[in-house]
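Listed next as structure tokens is one chain, alone, in the form predicted on its own.
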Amino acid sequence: MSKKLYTRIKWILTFIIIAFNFFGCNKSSLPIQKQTRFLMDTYVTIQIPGGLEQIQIIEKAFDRIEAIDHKFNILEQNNALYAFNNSHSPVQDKEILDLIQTAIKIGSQTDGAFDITIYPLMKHWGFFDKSPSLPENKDIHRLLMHVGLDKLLLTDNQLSKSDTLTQIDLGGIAKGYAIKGALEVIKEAGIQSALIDAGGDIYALGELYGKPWKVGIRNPRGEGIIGSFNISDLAVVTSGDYERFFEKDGVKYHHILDPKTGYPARGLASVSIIADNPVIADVLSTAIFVMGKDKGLAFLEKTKLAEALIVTEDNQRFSTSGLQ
């Protein structure tokens, strides 16, 4: 095993959110069927208590995630999103349009803190080819001219754009959608208890051995966890400044960019969102990170879309009233 792969696996095992169960299982408990695959640029694990017949359900859930990965991966040259970005072809796939509509709705509600048109900036920073570097300020300002939800033209039948240089990336919402897709497959099979973990983004279905699943939130500034929750039928998704970053001249630059400035959002180390919908949890973890502590908490208290645990850059912790 290469050092790079070992480091990545070790990082995944201590990822943003660590799923665990403090209660254990007794001899009468059903075993847990568990499989892991590398999909959507991360390790995805699905667990279902029960006999070997559950393995087939797990495999079908993985097939659904893989299908979503192919459809929403902007680097895959034979899909609709690649054509939209590179040949300006309108998107007419209803599944993609529905998800884009959700992304635009949350983006508008958060005053642009979540913006799927930020892809050119992400690409220029080098976060997609995993060799990031600090861009020239003039290049950031040039690319910002092509960023903004107002450049997207969405109808019931298609998505087009008013600026040919505008490009989109659904990475901030597609993983949550993949979890939702896998969950639907599992529920359709009649399963009432399962855990889906997509690189630390988690959905806990039902209970484990009669008790809620327990998840812990990783400490973004050290080892161990900073809090844990008993959850059933909920998603927990975290965005952190330690996921993808580099340092230059003593300054840390991470991948969560502020669409208004083109630079990494400042002030927070991590945002953990707890919601019943994994898609909403995925989007809000990024949006609240960009909005910052005060605006983010005020937005969640007003909309009641989700609960949140926020850790600032200096390791102070704040939460919505539902978690206190």
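Everything numeric here is computed off the predicted structure, so don't read it as measured data. The numbering used is simple: start at 1 and walk along the sequence shown.
FYI, the form predicted in complex with a small molecule isn't displayed, but the following is about it.
J.: Choose from 77-85, 212-220, 163-171, 184-192 the stretch whose residues reach within 4.5 Å of the small molecule in the model of the complex, heavy atoms counted.
T.: Result of the contact check: 163-171.
J.: Here the chain is shown alone; which of 207, 95, 243, 139 has a heavy atom within 4.5 Å of the small molecule in the model of the complex?
T.: Exactly one residue meets the criterion: 243.
J.: Examine residue 286 and determine whether its closest non-hydrogen atom to the small molecule in the model of the complex is within 4.5 angstroms.
T.: Yes - in the model of the complex, heavy atoms of residue 286 and the small molecule come within 4.5 Å of each other.
J.: Within a 4.5 Å heavy atom cut-off, is residue 255 in contact with the small molecule in the model of the complex?
T.: Yes, residue 255 sits close enough to the small molecule in the model of the complex that at least one of its heavy atoms falls within 4.5 Å.
J.: Would you check, heavy atoms only and a 4.5 Å threshold, whether residue 100 touches the small molecule in the model of the complex?
T.: Flag for residue 100 set to no.
J.: Spell out, yes or no, whether the shortest heavy atom distance between residue 91 and the small molecule in the model of the complex is within 4.5 Å.
T.: No - in the model of the complex, heavy atoms of residue 91 and the small molecule never come within 4.5 Å of each other.
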